[in-house]
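Two versions of one and the same chain are coming, encoded as C-alpha cells; call them structure 1 and structure 2.
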Structure 1
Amino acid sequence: MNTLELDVEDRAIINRLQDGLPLAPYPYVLVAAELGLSEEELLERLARLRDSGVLTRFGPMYHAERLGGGLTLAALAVPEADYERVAGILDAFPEVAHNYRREHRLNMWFVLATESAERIPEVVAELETATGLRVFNMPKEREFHVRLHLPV
C-alpha cells in the first residue's frame, strides 16, 4: 500500500488518531462517531492500516524518563574505513535503540535507552572503550515539543 491507496476515510482516521484516542469507556465508538463511521468500520480500517505498515504502531506513547528509564541522543565521528565495524559494535549493545547514519563529520547518531537513568554514563563509557572513539553525549536539557503529526 502506498499513499495513493489511502482513501479519504483512511486519511481522516490517520489524521484524527495522531492526536490521540480518548481515555474513556468504548473509545473507538466515540472516534467513529466523530468521523461518521461505524465502530466496526473504524476498527477494521485501523487493523488494516496497522497490519500493512502504514502505521508503525497504535497504542500508548510512554514517556521513558517518567517511567524511571534513561534516554539520550549521542553521536560519533567514525572514520569511513571503520564505519561497518563500529556500526556492528553498536548493534550488539541492547541499550542502542536506534542508530542512523547522517551526513556530517559526526556521522553516526544513536539513541541510548536504559532501564535506569544511572546506567547512561556507564553505557557511554563502555561504548568509548569498545569503539575507541569519543561519544558526544547530548541528553535533552529542555523539551519544547514532542508531537509527530503528519497530515495526509
Structure 2
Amino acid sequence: MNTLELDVEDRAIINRLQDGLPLAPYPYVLVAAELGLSEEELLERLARLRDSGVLTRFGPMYHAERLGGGLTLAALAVPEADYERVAGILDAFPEVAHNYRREHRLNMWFVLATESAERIPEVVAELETATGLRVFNMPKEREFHVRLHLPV
C-alpha cells in the first residue's frame, strides 16, 4: 500500500491528466499552465507519483487492432495450489498484458496483445502447453467505450 500524501497540486494533476493530453507540440507546457505550474514542476511531480507507486501506469492507450495487432480476453481455471506457478508462467509471456484473480470457476483472467491477429491462437496454444490448462479465449465481438474518471 502506498502511503504518499497527495497535496492539492498532485490531486489536480491526477484529475486533469485523466482527461488526456492536448494534441500539441508541447502538451505538458499547456497542462502545466492550466494547473498554475511550470512544465518542469509538472514533470517532476509526475515522476514522483510514478516512482512512489501512486501512478502505476501513465502512457497512451493504443487501439491494437487498428494498428494490425491482435487483442483478446482470456481466462483459465487454475487449481488454487498452482495459482502462483501459473501466474508466473503467464507473466513470462510478453503477449500477456496483465492477469488478475476473479472469484469464479475461471479464476485467472488476462489480456493477450499480439503483433498480428493471427498470433493470438498461436499464443493461446503456447500458453496451454506451458500451463497444462485449457485457455478460454473470448475475442471481442463488439466494442464499447466507457470513459472512466476516478476523481482524487
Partner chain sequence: MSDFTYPSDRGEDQRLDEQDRAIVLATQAGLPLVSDPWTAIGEQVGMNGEEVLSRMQAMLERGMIRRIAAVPNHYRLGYVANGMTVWDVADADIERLGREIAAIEGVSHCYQRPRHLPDWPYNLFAMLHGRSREEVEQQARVLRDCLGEACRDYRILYSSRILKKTGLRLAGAEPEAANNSLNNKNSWTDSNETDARG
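Values in this document were obtained by computation on a predicted structure and should not be read as measured data. For clarity, a rigid core is taken as the largest C-alpha set superposing within 1.5 Å between two forms. Each residue is numbered by where it sits in the sequence of structure 1, with counting from 1.
Asks: I want to make sure I have the labels right. Is the form predicted together with its partner chain structure 1, or is it structure 2?
Replies: That would be structure 1.
Asks: Using the rigid core as the reference frame, would you say Pro94 shifts its C-alpha by 2 Å or more between structures 1 and 2?
Replies: Shift of 2 Å or more: no.
Asks: Arg66: CA shift of at least 2 Å between structures 1 and 2 after core fit?
Replies: No; that C-alpha moves by less than 2 Å between structures 1 and 2.
Asks: Please state whether Tyr26 has a C-alpha shift of 2 Å or more between structures 1 and 2, with the rigid core used for the fit.
Replies: Yes, shifts by 2 Å or more.
Asks: For Ile14, tell me the Cα shift between structures 1 and 2 once the rigid core is superposed, in Å to one decimal.
Replies: In the core superposition between structures 1 and 2, the C-alpha of Ile14 moves 6.9 Å.
Asks: What is the C-alpha shift for Leu37 between structures 1 and 2, rigid core superposed, to one decimal in Å?
Replies: Looking at the C-alpha of Leu37 between structures 1 and 2, the offset is 11.4 Å.
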